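In the block that follows, a single chain appears as structure tokens, in the form predicted alone.
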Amino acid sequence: MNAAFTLTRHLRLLLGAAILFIAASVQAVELAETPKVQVDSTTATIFWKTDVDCGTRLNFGTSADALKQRRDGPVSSTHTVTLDSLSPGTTYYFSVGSARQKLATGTFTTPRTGSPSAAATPSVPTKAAPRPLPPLPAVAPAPPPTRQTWGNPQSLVDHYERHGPDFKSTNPDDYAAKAWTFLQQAKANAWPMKLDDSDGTLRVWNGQSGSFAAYDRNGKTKTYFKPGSPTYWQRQPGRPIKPSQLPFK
């Protein structure tokens, strides 16, 4: 009799421990990420995460007090449930969790068919592409004679021999004419300019073609070439100015 009583008592203790263990395991499930909803006029997909694997269950309905419809999913820590055949323009309530435990509640509203809210979701605005530099004028005015555009005639041949090929110049006068035209284009298109107040030198840059030129205080060319270095312009001295601030016409 005593042995039977002792056995029964041990079984009760073991059963009680098992129940406590199961209850503790159930209560151990917690949300790792609150529910998120993607919705259109007739479907909705609900996502949520738990800290451990558990069953997937979602109850839903059009009343917070009557979540009579149910969807179940696999055991996982990442849960996804998709609802279809929903009514447009309707508010739905839902709860998420497992078969044993409700973890969170939420709500969403489907947009009305044909209404502005039901239109395709606007795409995220993309960053505007950099505005291209204006193209070179198709027709440029005829340049003045070289003696009126090049500051130091004795240096022209040397500059032409070193830099003329950069601009496919055919002779020193053609090279000088292109340098003068570059300044006219810079003024017309507001290309970057720097004025060196120490000696009146004007420096001009065109990033599209990678061309650089320098002019004296009277607007006559000192040099014209393509540096080939993307940082060359940034290293040039002078204060930035606009064409309207030029010391000459």
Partner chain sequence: MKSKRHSCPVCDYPGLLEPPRSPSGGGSYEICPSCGFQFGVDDDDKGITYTAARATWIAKGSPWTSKGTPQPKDWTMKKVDQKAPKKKTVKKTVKKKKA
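Please read these numbers as outputs of a predicted model, since none were measured by experiment. Numbering follows the first chain given and starts at 1.
FYI, the form predicted together with the partner chain isn't displayed, but the following is about it.
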- Item | Exercise: residue 78 in contact with the partner chain in the predicted complex, heavy atom 4.5 Å | no
- Task: Examine residue 158 and determine whether its closest non-hydrogen atom to the partner chain in the predicted complex is within 4.5 angstroms.
- Result: yes
- With the cut-off set at 4.5 Å between non-hydrogen atoms, does residue 234 touch the partner chain in the predicted complex? no
- Message: At 4.5 Å between heavy atoms, is residue 154 in contact with the partner chain in the predicted complex?
- Response: yes
- Message: in the predicted complex, does every one of 169, 182 and 220 come within 4.5 Å of the partner chain, counting any heavy atom?
- Response: no
- Query: in the predicted complex, which of the listed residues (163, 112, 100, 71) lies with a heavy atom within 4.5 Å of the partner chain?
  - Reply: 163
- Message: So the partner chain isn't shown here. In the predicted complex, which residue out of 67, 214, 39, 29 has a non-hydrogen atom within 4.5 Å of it?
- Response: 214
- Task: Mind telling me which stretch in 31 to 39, 195 to 203, 50 to 58, 182 to 190 gets its heavy atoms within 4.5 Å of the partner chain in the predicted complex?
- Result: 195 to 203
